[in-house]
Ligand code: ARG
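Next comes just one chain, in structure tokens: the form predicted alone.
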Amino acid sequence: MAKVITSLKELDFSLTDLDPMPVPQKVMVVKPTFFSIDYVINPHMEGHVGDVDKIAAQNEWSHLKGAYEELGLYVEAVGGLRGYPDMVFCANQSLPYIDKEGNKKVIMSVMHAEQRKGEVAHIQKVYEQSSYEIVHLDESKFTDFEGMGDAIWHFKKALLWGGYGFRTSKEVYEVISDTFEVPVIILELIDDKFYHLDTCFCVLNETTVMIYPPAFTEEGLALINALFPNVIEAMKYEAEQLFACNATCPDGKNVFIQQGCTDMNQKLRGAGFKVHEFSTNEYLKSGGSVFCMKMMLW
């Protein structure tokens, strides 16, 4: 069912109409050996060039990696690459997919910032070793697509939520929808502090999402509320300063989130989720947190 939905009036299906999608059991992470802040490509980086505690960053990464292992997931730790300090944010370089027959494809990203373009070929090697069909976008037509930073799968459903406005072109979702033969609901992002969809939108399970409403248009909010019976809203401070919505819920029950999100954690527990807090303070300086620092794979 390939189609791109841009408004509520175009929404002509419910979740029960969609093909199921298995929950990924593998996590890719990139070692933070070369993580640093060497330039400014988002508002969160301002004032932080050269300001990374390497030992703290390694410890934060290690604790998060261990938590995935404790959940029983297979973790593949990929080596970083000198000269690419942001490659640790490995949600950005690709968009993987598995169909109902078990066939795996991945669309490789076209990074918005020149400083990050070289990351893609390195991440592609992981997919080549894991039996994925590799798909490249026509870079003469599409200059911006940042993988699962902006394109997020609905939990257990062959439905993609796509953000656009800062790092991903709106038009790219037609190609993605046709390539994977899935519907895509696209959401315009309107605040540059929330430059990726994963900074303001976190799918927790089939019926629940966590969002920061001011990052979206009214049309976008209407689409979100139409398909999620349970919408948990983040407060301004926790969304902007602690990246509360850049959390992840690998199994629909356990939420990994930046420590200190007191209001959000209370809401999550009230909704029946188990909350696990992690310090990603060094990575927040670069504009990323828990979700950005991994890629779920089949």
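Quick caveat: nothing in here was measured; it's all calculated off a predicted structure. Start at 1 and count along the sequence shown; that's the residue number.
A second form of this protein, the form predicted in complex with this ligand, is not displayed here; the remarks below concern that form.
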The stretch from 225-233, 260-268, 54-62, 40-48 that lies within 4.5 Å of this ligand in the model of the complex, judged by heavy atoms, is 40-48
Evaluate H154 for contact with this ligand in the model of the complex, applying a 4.5 angstroms cut-off between non-hydrogen atoms, and reply yes or no. no
I'd like to check something about F145: if you look in the model of the complex, is any of its heavy atoms closer than or equal to 4.5 Å to a heavy atom of this ligand? no
So in the model of the complex, does G163 come within 4.5 Å of this ligand, heavy atom to heavy atom? no
Might Y195 be said to contact this ligand in the model of the complex, defining contact as any heavy atom within 4.5 Å? yes
Quick one: name the residues from 232-254 with any non-hydrogen atom within 4.5 angstroms of this ligand in the model of the complex. N246
